[in-house]
Ligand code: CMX
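Quick heads-up: it's one chain on its own, the form predicted alone, in C-alpha cells.
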Amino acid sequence: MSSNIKKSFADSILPHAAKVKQMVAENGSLKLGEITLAQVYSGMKGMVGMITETSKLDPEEGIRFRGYSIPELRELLPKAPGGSEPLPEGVFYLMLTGTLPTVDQVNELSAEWESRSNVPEHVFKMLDALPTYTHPMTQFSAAILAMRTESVFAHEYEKGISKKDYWDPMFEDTMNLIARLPRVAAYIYRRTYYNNEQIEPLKGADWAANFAHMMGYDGVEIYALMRLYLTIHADHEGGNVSAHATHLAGSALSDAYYSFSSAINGLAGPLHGLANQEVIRWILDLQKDLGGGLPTKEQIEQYVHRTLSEGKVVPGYGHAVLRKTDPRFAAQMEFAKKYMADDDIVNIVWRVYDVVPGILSNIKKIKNPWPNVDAHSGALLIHYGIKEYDFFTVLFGVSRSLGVLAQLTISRAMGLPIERPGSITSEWIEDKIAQSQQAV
C-alpha cells in the first residue's frame, strides 16, 4: 500500500541527503570540539558523534521535535475530534518529514496504520509458549523478532536491491512494525495480567485510543492520556540507549525488526526506560512506609534523606543532559491538574517534587536535581487502573518506536555508514599521559 506520507518523506529526505553529502565533502575537516580523557571514560557523554534529524535535546529548554517544543506540539499538532491532546501520528509525521501535518494527513496515517496492523498468528503462538511470569519487556522484544518474518527490507535485500533504494523497504518495515506494536503490546498485557482474555481492536480508531481499548481501558480521559504519553515519549535525540541501539544495529543494515528489538533490550535497563517502573515502586513503598494516604512534606523529606543515607538514589530525578525540570514532566503535571488533582499518588509525586530538588541541589556531585519524565508517568497510569508497573516500560517502548524508526528510515535514505568508533586501551592512555608529562 502506498500513501502520501511516503511521497512527502521522499520529497524531503532525498534532497537533504544530497545536501549533507556535499556538506561533508566540503567541510569534513571542521572540528566539532575537543575530546577529553574524561569524556572517553564517561560513556561518551556530550561527545558529538552521530546524526539524528528527528529531535534535539537542549539542557535548558528540553526536547524539541524538528525544532518544536512539547508545549508547541500540544498546541499545533492535530487532535482527535473533541480531544485535548495531540495524536502521536502527528509527531511521527513531523519527525519523518520535517513538516507539521494537516488533520487530513494525520487521519490518512491513522487509517494506513490500521490497514497494516494485522499481526501474524505465529507471533501470538510464540508468546503463548512463554511462561506468563516472563517480564513483559522480554515478551515484547521476542515478539518484535518473531514479526521479522514479514520484513520487506530483508526480502528486497536478498533479491539484490540498489543501495540508493534501501530507504524504500525500510519505510515499509517501519510503517508495518509501528502499526502492529499496539496489538502486540496489548496482547502481552492481557495474557500476563488478565488470563489471556483478549480484546479485539476498534475499527476507525486512532493509534493511541485503539491501544488503550485493546488493553481494556476506554473513555475520553484515558484516550487523552495515552495520546499524550505516546507523543511525549516518542524521541529524545539519538544518544540515549534505545535510540543509539536502533542506530547502531541499523547501521549494519539490520532491518527494522532486529534494530528495534535492540532498542527494547536497552530500554529495559533500570538506568533507561525501566526507571518508570522503579519510580512508582519507590512512591508506593514511601506511601506504605509512612502509613498510607497522603504524607506531609516533612515526612517525605525524612524518607528521602533515609533513601540517600542507604546509598540509594531517588528514582525519577536527574538526567544525563537536562539541567531543569523535564518539560515532559511538566506536561504530565498539567494533565494531572486538569483531570486528577485530588489523587493521593499524584499529590505524593507533587510533594516529592517540592522537596527533592532542594535536597539534591546540596549534593555537589549532582548536576541536575530536577525530575525527568519517569517521575510522573506511573501515577497517571495507576489513576486509570493500569497498576501493573512491570508493564510501564512496554508503553514507553511502543512510543519510542515513533522516533527511532523514523530516524532509522532517514538514516537509510541518507546512506549513513556502519557505525564503528575507534577504541583505545587504558594502557594506551597511560602511555599518552606519560608522554605528555615528559614533554613538559
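The model shown is predicted, which means the values in this text are computed figures rather than measured ones. One-based numbering along the sequence shown.
Quick note: we don't show the form predicted in complex with the ligand, though the next part is all about it.
Of the stretches 366-374, 114-122, 186-194, 173-181, only 366-374 has residues with a heavy atom within 4.5 Å of the ligand in the predicted bound form. Just one of H272, R74, H135, R148 comes within 4.5 Å of the ligand in the predicted bound form, counting any heavy atom, and that one is H272. Out of the listed residues L130, A320, L248, A205, A320 is the one that sits within 4.5 Å of the ligand in the predicted bound form by at least one heavy atom.
Proximity to the ligand in the predicted bound form holds for none of I280, I348 and R351, with the criterion being a heavy atom within 4.5 Å. Although the partner is absent from this view, P88 stays clear of the ligand in the predicted bound form, with no non-hydrogen atom inside 4.5 angstroms.
In the predicted bound form, at least one heavy atom of P315 sits within 4.5 Å of a heavy atom of the ligand. Shown alone here, F396 lies within 4.5 Å of the ligand in the predicted bound form, counting heavy atoms only. Contact check for L308: a non-hydrogen atom falls within 4.5 Å of the ligand in the predicted bound form. In this stretch, 340-364, the one residue having a heavy atom within 4.5 Å of the ligand in the predicted bound form is L360; the partner itself is omitted from this view.
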